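Two separate entries follow, structure 1 and structure 2, each one form of the same protein chain as structure tokens.
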Structure 1
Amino acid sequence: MSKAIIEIKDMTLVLGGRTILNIPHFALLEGQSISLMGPNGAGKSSLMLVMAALLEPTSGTVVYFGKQAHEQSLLNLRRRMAMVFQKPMMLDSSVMENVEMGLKFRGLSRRARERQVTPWLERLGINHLVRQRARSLSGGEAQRVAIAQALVLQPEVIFLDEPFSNLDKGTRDEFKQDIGSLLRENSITTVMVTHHIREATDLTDIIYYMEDGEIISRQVTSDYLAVDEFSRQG
């Protein structure tokens, strides 16, 4: 049985006097890919931010890799995870400089950075863009750069916040297929927020439906690691 990467117990998030999240129990297993779906305001992005250690819950506990957040360095914890936002955030510099930025912060030499970055650029089909200014890229190209930024860090968990929503249908379909293959080939634990059922069913093993800050149901889309702690609780 795969171990839990992130486990949530009796967690609430209250902002401005309003309960944004109420999650009695939930666990993300190693190697699993899941989607969070639901209407606007359901709490999908808030739950993702809590899971990514970017938002502190009001009450309850969140256990990361077997330890509670306060028992480990927040910086080290975040280094084990990566997030790709809906709109890529690019520095006004080359594609290569954008992709290697995180590795530079970690103190890797130029040669080591290039050795780690180049395979991902090739795998994502953007190696020919390395010298181009990142802010001049098309939407699809920029999102590929954002994915490369995340994957070069070799995260144990990747969070995707509506990664295809700003792309046209043709670009979205091609990108979705490439990213799905890449994540599965590398067995990267994945959490994705999306409004599109086809994206969820094509890319993830389980879909969790949210409403009013709660997980109300789940749908298994593949047999791969389709066992979770939420189902055991319910």
Structure 2
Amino acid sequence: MSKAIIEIKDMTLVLGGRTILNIPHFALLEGQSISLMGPNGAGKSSLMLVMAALLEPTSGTVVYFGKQAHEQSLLNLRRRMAMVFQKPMMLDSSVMENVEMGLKFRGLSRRARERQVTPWLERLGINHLVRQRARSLSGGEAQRVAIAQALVLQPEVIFLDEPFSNLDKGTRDEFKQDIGSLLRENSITTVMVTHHIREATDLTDIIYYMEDGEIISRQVTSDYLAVDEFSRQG
């Protein structure tokens, strides 16, 4: 059995007197790719922020890579993970500067950054955008740039918060396939928040349903596929 990358025990998150999250136990295993689903306000994004070490829980423990949060540097921890936000926030500079920013933070030289960035730009088909101002991109372009921004970091875990929500139907399908094969090829542990069952089944292996800050069910997506096939035949 593969080891847990993130393990949550008896964790609660209370903000402004409201309990946002209440997770007795949850584990993300190495190589797993999971989806978080559920209604708005169920706590999906908050759970993801906690997992990404961007939000501190009110109580309980979170173990990252076998060590508790307070036993290691949060900065180093964050530098092993990457996140794609729902609405990508670009800094007001060029696309290139945005894509390589995380590598720059990690102290990579200009040449090393270029070496690492170029294949991803090509892979995601955004090579022609590098000199544009990041703020002038269309929704689809910005989404690809945001993905590139995360993938160039070669993270051990990637978090995707509704990564396809800004795209129209046509681009979405095409993009979804791109991302799917990208993640699989590189066997990156993935956590994705989504509202679309198709996205969850196409891209991830397990779906967690959330409601009112709690995880209420866990489904393996291959079961869905079976149901899906079945209903189509029926």
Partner chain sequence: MELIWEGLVKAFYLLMALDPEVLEVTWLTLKVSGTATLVSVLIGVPLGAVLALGRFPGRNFLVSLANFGMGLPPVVVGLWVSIFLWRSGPFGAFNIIYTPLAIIIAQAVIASPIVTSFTLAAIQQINPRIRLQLLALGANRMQMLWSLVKEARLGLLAAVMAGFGGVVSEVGASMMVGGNIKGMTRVLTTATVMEVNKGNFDVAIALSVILLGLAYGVTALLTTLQQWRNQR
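Sequence positions of structure 1, starting at 1, serve as the residue numbers. For clarity, a rigid core is taken as the largest C-alpha set superposing within 1.5 Å between two forms. Quantities reported herein were computed from a predicted structural model and do not represent experimental measurements.
**Student:** Form predicted alone, is that 1 or 2?
**Tutor:** Only structure 1 fits here, because that chain is the form predicted alone.
**Student:** Once you line up the core, how about residue 71: does its CA shift reach 2 Å between structures 1 and 2?
**Tutor:** Residue 71 C-alpha, core-superposed: shift of less than 2 Å.
**Student:** Once both forms sit on the same rigid core, is the C-alpha displacement of residue 116 at or above 2 Å between structures 1 and 2?
**Tutor:** For residue 116, whose C-alpha is compared between structures 1 and 2 after core superposition, the shift is less than 2 Å.
**Student:** What does the CA of residue 92 shift by between structures 1 and 2 after fitting on the core? Give it in Å to one decimal.
**Tutor:** Spelling it out: core superposed, C-alpha of residue 92 shifted, distance 2.7 Å.
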